[in-house]
Ligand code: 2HG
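A single chain comes next, written as structure tokens; it is the form predicted alone.
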Amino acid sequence: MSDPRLESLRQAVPELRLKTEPGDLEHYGRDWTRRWTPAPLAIALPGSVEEVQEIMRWANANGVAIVPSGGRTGLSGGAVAANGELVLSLERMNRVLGFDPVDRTLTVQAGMPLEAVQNAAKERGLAYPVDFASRGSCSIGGNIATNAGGIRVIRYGNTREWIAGLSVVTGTGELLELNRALVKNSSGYDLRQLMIGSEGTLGIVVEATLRLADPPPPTNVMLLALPSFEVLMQVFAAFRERLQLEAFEFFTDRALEHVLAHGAQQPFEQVYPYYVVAEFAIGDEAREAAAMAAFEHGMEQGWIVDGVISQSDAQAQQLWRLREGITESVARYKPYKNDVSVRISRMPAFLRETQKLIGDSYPDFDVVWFGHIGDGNLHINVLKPDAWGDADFIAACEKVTRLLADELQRHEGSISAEHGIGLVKKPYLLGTRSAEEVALFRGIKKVLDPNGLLNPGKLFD
């Protein structure tokens, strides 16, 4: 028998597409964490802002919680629907709505994939510069909900810097038009910025006006092999001083081994403990000479022991695959992920302490490190041995995460650099935010979502 709540939803929103097949419930009810068993009521796929509003009004009338859904590529359980929630997927709302060549803005629906946004900007002679490996499947709405960062934060910043305006449906079904793409707007609170990074707990982003940038300059990619963890920040400082860095990413020999097993090409004849992928602007002889000078300086200092520079776009893509293929290559091991950040100035001390903590705590686990060193962001992936059960493995990892959270608090860092808090990091929020801040979070949510229906249980209880 059909659930009477869904019958009333069909009556309230006659043109709404609903999915209730078991395969759809499983697919849309989870994100990349795979830790919770999905159990949504149904999947709603609205085709317009008005339908999103009607869904929220229905939810309030019927007391049904809503989980907003984009590409579900999240890694913190922020898009999980495990308790009978209605998943509201924005995947049908995936079009470009407008382009303003004077303001250099692109207005899009929230379900548009990041790669499609990038292509739309490129077709108009400009660029949307936020970028990361899941570009083909993640959505712009999800990027906004988590203030996504990625591989080019060192040059362009996080998603937050590129949002000129937002259309948001609140927990009561009201539509807010926030900032309207103004460059200057000192007329009170900036609710647009409040929505960015709120993980769907304050409102559902339905449309976004994005700032665009000049097309990126010609670049080269260099892969560097390093002898130790300790020289990493010295190499970064030397390259940042001499080059216009577009990206500066590091990974370990363990990460490389998994990517090679997944089909990537071996870059060097021998294995080194640490690697850096650096992308930098070229275009004239002076810049190319500066790149070689930076490399040679690192070799002379003993910070760099080997390296290769791309000679073609194809080779650049091969070098980038060594970094961007890590997440996919370790996915089968159900990795326990830590996504942490500290100020760049504190990174050397934090790296030393964290390396010891992880080494002492996980002597029998395969630990894969990589990260965006140029913006103080480390990803620590602990891979589950086949012989371990999921629950025992997670329990062992969470003991160490509590210690890591304490260390982050000492260094005034964050337990979540770019993945969000969701369900996974919720127990550690107070290590990054004060009790007073969290109390304000609750008060703000109460105003925008008085019945607590938007992504309940995520970020905080």
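Bear in mind the structure is a predicted one, so any value in this text is a computation, not a measurement. From 1 onward, residues are counted along the sequence shown.
This next part talks about the form predicted together with (2R)-2-hydroxypentanedioic acid, which is not shown.
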| The single option of R135, K337, R321, R242 touching (2R)-2-hydroxypentanedioic acid in the model of the complex, heavy atom within 4.5 Å | K337
| query | in the model of the complex, which of the listed residues (I154, L210, L75, L90) lies with a heavy atom within 4.5 Å of (2R)-2-hydroxypentanedioic acid? | reply | L75
| query | For E418, is any heavy atom within 4.5 Å of (2R)-2-hydroxypentanedioic acid in the model of the complex, or not? | reply | yes
| query | Even though (2R)-2-hydroxypentanedioic acid is not shown here, does F370 get within 4.5 Å of it in the model of the complex, heavy atoms only? | reply | yes
| request: State yes or no: in the model of the complex, is some non-hydrogen atom of T327 no more than 4.5 angstroms from a non-hydrogen atom of (2R)-2-hydroxypentanedioic acid? | output: yes
| said: Residue-level question: is R104 within 4.5 Å of (2R)-2-hydroxypentanedioic acid in the model of the complex, judged on heavy atoms? | reply: no
| request: Choose from 36 to 44, 50 to 58, 418 to 426, 395 to 403 the stretch whose residues reach within 4.5 Å of (2R)-2-hydroxypentanedioic acid in the model of the complex, heavy atoms counted. | output: 418 to 426
| task | Using the arrangement in the model of the complex, list in sequence order the residues of 377 to 402 with any heavy atom within 4.5 angstroms of (2R)-2-hydroxypentanedioic acid. | result | H379, N381
